[in-house]
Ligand code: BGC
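Below you'll find only one chain, the form predicted on its own, shown as structure tokens.
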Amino acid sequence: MSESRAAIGVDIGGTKVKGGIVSSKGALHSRVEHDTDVHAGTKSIIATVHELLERSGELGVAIGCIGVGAAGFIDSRSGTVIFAANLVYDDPKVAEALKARFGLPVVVDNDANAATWGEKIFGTAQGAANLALLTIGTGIGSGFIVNGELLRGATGAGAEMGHTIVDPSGPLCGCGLKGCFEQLAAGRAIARLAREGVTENPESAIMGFASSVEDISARDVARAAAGFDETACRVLRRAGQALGVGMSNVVNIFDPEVIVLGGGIIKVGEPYLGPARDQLVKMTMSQRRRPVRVDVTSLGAESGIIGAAALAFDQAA
């Protein structure tokens, strides 16, 4: 490694915990990934940090701080998990537990906030003082930087764009509301629309990739769309248009310089992203707003790791 100053970044979700050793210039020099213990999230983080500290010795670098991006509502001031829907933190005081174990400064924040900060410091939005990040997977995570500061809200539960309402009569969301943004534009929406589509058109190529109608995934739809299947393309167009509506709402609320898109669903590409951009342009032009730059993350699947480390570099004391 060319430089000795480094941080450990950890990105923990309901299924995987990922971690890495990140240089002060944002280079990822070592990476680990394990299944999350859904009943012991803090234990999973500690094990990951321990493994990376051992690797840092082999690399000849000194780890100066630790950053954690955690799925859920986070009190970033204390590094405590307030609520997480998909896993249990055996010790919700994550920062305190890590400091006691490793004796290093620790920053803990929401995973989308961490990824957003990573894009600002090391990614496609470097230098932007006002930016939005939408991570589009099964659902939609989001993070916002306003005038150079992360938007967290009074309790750490702010900036949840995925659960803003686009259609009050729309499908029920796991959060308890109907018609949430993520239920119309993300992975679950694509799968649901595809199930409806193949019921009307059983000859769709989507069924060549899915084992059954019930098991259709967004990936199956994307593969069918790559072969220009009409049903698959229509599904992705509808979901993409809903993404464009959501981005228009982001513009109206936050007026960002740039919207960064991340998450697995963006790999679907133009059959999904093209209609999203077109819808955003249509809506912003109707309001006579300036054009808004929309970029895909330059940090890719490692944005959570690199972003957590970036937060630690910036805020750990």
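A residue's number is simply how far along the shown sequence it sits, counting from 1. Computed from a prediction, not measured in an experiment: that's the story for all the values here. If you superpose the two forms and keep the largest set of C-alpha atoms that fall within 1.5 Å, you have the rigid core.
This protein has a second form, the form predicted together with ligand BGC, left out of what is shown; the following refers to that one.
**Q** Out of 199, 126, 86, 78, which one falls within 4.5 Å of ligand BGC in the model of the complex, going by heavy atoms?
**A** For this set of options, the contacting one is 86.
**Q** Since exactly one of 239, 108, 232, 140 fits, which has a heavy atom within 4.5 Å of ligand BGC in the model of the complex?
**A** So the residue touching ligand BGC in the model of the complex, by this definition, is 140.
**Q** Can you tell me if residue 73 lies within 4.5 angstroms of ligand BGC in the model of the complex, counting non-hydrogen atoms only?
**A** Taking the distances in the model of the complex, the answer for residue 73 is yes, it comes within 4.5 Å of ligand BGC.
**Q** Considering non-hydrogen atoms and a 4.5 Å limit, does ligand BGC approach residue 192 in the model of the complex?
**A** Judged by the heavy-atom cut-off of 4.5 Å, residue 192 is well away from ligand BGC in the model of the complex.
**Q** With the partner left out of view, is residue 152 within 4.5 angstroms of ligand BGC in the model of the complex by any non-hydrogen atom?
**A** No, residue 152 stays farther than 4.5 Å from ligand BGC in the model of the complex.
**Q** Would residue 93 count as a contact of ligand BGC in the model of the complex, using a 4.5 angstroms cut-off between non-hydrogen atoms?
**A** It does not: once ligand BGC is placed as it appears in the model of the complex, residue 93 has no heavy atom within 4.5 Å of it.
**Q** Mind telling me which stretch in 239-247, 223-231, 205-213, 159-167 gets its heavy atoms within 4.5 Å of ligand BGC in the model of the complex?
**A** This holds for exactly one stretch, 159-167.
**Q** Which residues within 178-215 place at least one heavy atom within 4.5 Å of ligand BGC in the model of the complex?
**A** The one in contact is 182.
**Q** Taking the rigid core as the reference frame, is the Cα of residue 249 displaced by 2 Å or more between this form and the one not shown?
**A** Comparing the forms between this form and the one not shown, which are aligned on their rigid core, residue 249 does not shift its C-alpha by 2 Å or more.
**Q** Honestly, after the rigid core fit, is residue 36 moving at least 2 Å at Cα between this form and the one not shown?
**A** The answer is yes, as the C-alpha of residue 36 shifts between this form and the one not shown by 2 Å or more after core alignment.
**Q** Fitting the rigid core first, would the Cα of residue 298 be found 2 Å or more away between this form and the one not shown?
**A** No, shifts by less than 2 Å.
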